[in-house]
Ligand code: AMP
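Quick setup: one chain, the form predicted alone, written in structure tokens, and binding and motion questions come after.
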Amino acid sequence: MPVPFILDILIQTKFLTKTFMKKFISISILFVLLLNGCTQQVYQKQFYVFGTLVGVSIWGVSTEEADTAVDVIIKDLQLMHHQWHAWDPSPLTDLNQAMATGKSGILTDTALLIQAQQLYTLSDGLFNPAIGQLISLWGFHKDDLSHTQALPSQKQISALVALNPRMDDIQIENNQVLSHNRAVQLDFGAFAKGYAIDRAIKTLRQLGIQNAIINAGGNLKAMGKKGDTSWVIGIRHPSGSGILGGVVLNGEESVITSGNYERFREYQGVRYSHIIDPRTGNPAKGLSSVTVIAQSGALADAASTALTIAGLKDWHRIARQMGIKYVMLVDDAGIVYVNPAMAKRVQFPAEQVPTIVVSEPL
């Protein structure tokens, strides 16, 4: 997933149009002052969890208050990372081992699983955390992805697809989880970060903080404002460098992008996305990135995965079904597809406006 950058990056890369420059010139000045240590109004801290760099920006509280709040968030995110890890020893791997033998297992945070089941249904099964075996088969259950490991055979892929692991196969009673299908192996990588930033923002609010951004490796959620101005973020170009466009955030919102250029395998010169289509068992093709804006980070995260799999033929229907209002897709040729509401929100670099196709309203 690409990393959204805060306004200072947009200014440095000359992203902003003349209209945006006039509107946010005061923020650029403020950013310079921050770099020079002339004000401490924006607190920023970075740390490593969920296998990625997490950044927190907080506005309008003392350093001491912000430090205390971020310490709470770090501990909570580290706990979630351990509980949900799909291949290192964790409560989730224990649960998967139990389900594989027809036994029940324990998952402390069943709210995560319940929400995953709901999103599975809304997406017509395109978002499917039950396909952990397929994800592992393709070599994505590793921290360092191999570009020399041979690809799985079509026979292996077809065998797992035929077992049809689904979220509907899972039964939950209190903290006990049981699968009626032993092929079910849970992997929450397609929405755990979105779920986690929802929880982190909620924690900040409970601790009295009203204005903040949390960015977990490109899974971003904001609340409030930066003083009298809205938070502004940039969406990295699917090529992996530069800025594709920028968005002004309205209150509590999440901006999440799924793409095939940060986590992928490359074998014999061909790149394979980490996003697996549960219908075919193969990596999704055709789209290099999908960006979704929604209040819920978990919803935006799951939807960005589902829409990547749905592709250009079916993304509109799935987005509507999932209740998504803002979508931007980029195909492998660099053509940008947006719904009208998203078209009004995204600003593109004046010198590099891409070819844009606007769909019917969602």
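What you see is a predicted model, and the numbers here were worked out from it, not measured in a lab. The first residue of the sequence shown is number 1, and the count goes up from there.
Keep in mind that the form predicted together with this ligand is not shown, yet the notes after this line are about it.
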Check: Pick from Ile243, Met223, Ile135, Leu95: which residue has any heavy atom within 4.5 angstroms of this ligand in the model of the complex?
Finding: Ile135
Item checked: Arg236, His81, Arg199, His274 - the one with a heavy atom within 4.5 Å of this ligand in the model of the complex -> His274
Margin query: Can you tell me if Ile213 lies within 4.5 angstroms of this ligand in the model of the complex, counting non-hydrogen atoms only?
Written below: no
Notebook entry, point to check: Quick one: does Pro165 come within 4.5 Å of this ligand in the model of the complex, counting heavy atoms only?
Noted result: no
Next item on the list: Indicate whether Asp187 is a 4.5 Å heavy atom neighbour of this ligand in the model of the complex.
Entry: yes
Check: Thr291 near this ligand in the model of the complex, any heavy atom under 4.5 Å?
Finding: no
Checklist line | Proximity to this ligand in the model of the complex (heavy atom, within 4.5 Å), stretch among 106-114, 150-158, 276-284, 69-77 | finding: 276-284
Next item on the list: Output the sequence-ordered list of residues from 109-135 with at least one heavy atom within 4.5 Å of this ligand in the model of the complex.
Entry: Leu126, Phe127, Asn128, Pro129, Ile131, Ile135
